[in-house]
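Read the single chain below, which is given as structure tokens and is the form predicted alone.
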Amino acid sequence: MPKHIILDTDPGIDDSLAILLALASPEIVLDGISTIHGNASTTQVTTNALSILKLAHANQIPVYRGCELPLVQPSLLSPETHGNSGLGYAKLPEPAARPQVKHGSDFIIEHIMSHPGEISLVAIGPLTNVALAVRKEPRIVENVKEVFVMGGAIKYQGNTTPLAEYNTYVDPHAAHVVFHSGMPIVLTPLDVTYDCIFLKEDLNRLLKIDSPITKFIADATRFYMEFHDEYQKIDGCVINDPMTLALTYMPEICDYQDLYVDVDISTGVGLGNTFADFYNYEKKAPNMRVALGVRPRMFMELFLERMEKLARVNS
């Protein structure tokens, strides 16, 4: 049976690709999207989510607007990485649908509680909505099937500070709540996502299909590739979020280790740093499963095949 998921996201270039991958994957059913501040404002990323669903003829999927600010920290958006709209150079038409009235955190709560043990939560932005949901209704911890989190950098360097990954740095206090909630978490940190590079030859393969889908991917990732080249000397771009989505039905992409992971919420250079107790100094039980090894071309071949199929349907 297909796996039912909630996607909590801040689209965002690679977030948008994760939405498209969800729509192209028969192994999962996308029950709804909750949006969160991050790559752009909550207003903008909500519009982006609705526009991407329109692009893929999936207007029936509900979108719920979530938190506009982190729990404690001031807002931190990323126009230098994703462009002012959050979608690079891509221009999408106005959405065909409107966001739901219900708040994103309330949707997370109500959907999990009405389907106990059946819903997988995929959180690929800052964790504010998820943390708020845990605080509002702690019973979701026992009733969610599993939680996939794109965030953190365990042995890898940060991509926002020398130590911190973007999603965790934007709202480290929310990450702290979620990490210590008791939820069954699979963490996808930069340690594995930065091995999964979407190359120019991958894009050229997709562009052999004339479709609004491939045009969107090209226009969005061109901006992303320019950023990666200028700031990180990466030829291509890292698509963190689709890989996290793919693990919901193809876990063999990665190798895992059960670890106790924490996040630094003190002020100073360590803010947002995620770290694992590999040698069990603290004598605490693991609180998540961490992806620490990856088969990048296995994932990329999956992604490309699914985008080709989606593009042909929408050509």
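In case it trips you up, residue 1 is the first one in the sequence shown, and so on. Nothing here was measured: the structure is a model prediction, and the numbers come from that model.
There is another form of this protein, the form predicted together with beta-D-ribofuranose (BDR), and it is not shown here; the text below is about that form.
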Wondering, does Thr221 line up within 4.5 Å of beta-D-ribofuranose (BDR) in the predicted complex on heavy atoms?
no
Heavy atom to heavy atom, is Thr35 within 4.5 Å of beta-D-ribofuranose (BDR) in the predicted complex?
no
Any chance Tyr166 has a heavy atom within 4.5 Å of beta-D-ribofuranose (BDR) in the predicted complex?
yes
Looking in the predicted complex, any heavy atom of Met243 within 4.5 Å of beta-D-ribofuranose (BDR)?
no
Quick one: from Leu190, Val178, Leu187, Ile112, grab the residue that has a heavy atom within 4.5 Å of beta-D-ribofuranose (BDR) in the predicted complex.
Leu190
Residue among Ile217, Leu121, Val134, Ile124 with a heavy atom within 4.5 Å of beta-D-ribofuranose (BDR) in the predicted complex:
Ile124
136-144, 233-241, 93-101, 203-211: which one contacts beta-D-ribofuranose (BDR) in the predicted complex at 4.5 Å, heavy atom to heavy atom?
233-241
Let me know which residues along 68-83 have a heavy atom within 4.5 Å of beta-D-ribofuranose (BDR) in the predicted complex, or say none if there are none.
His82
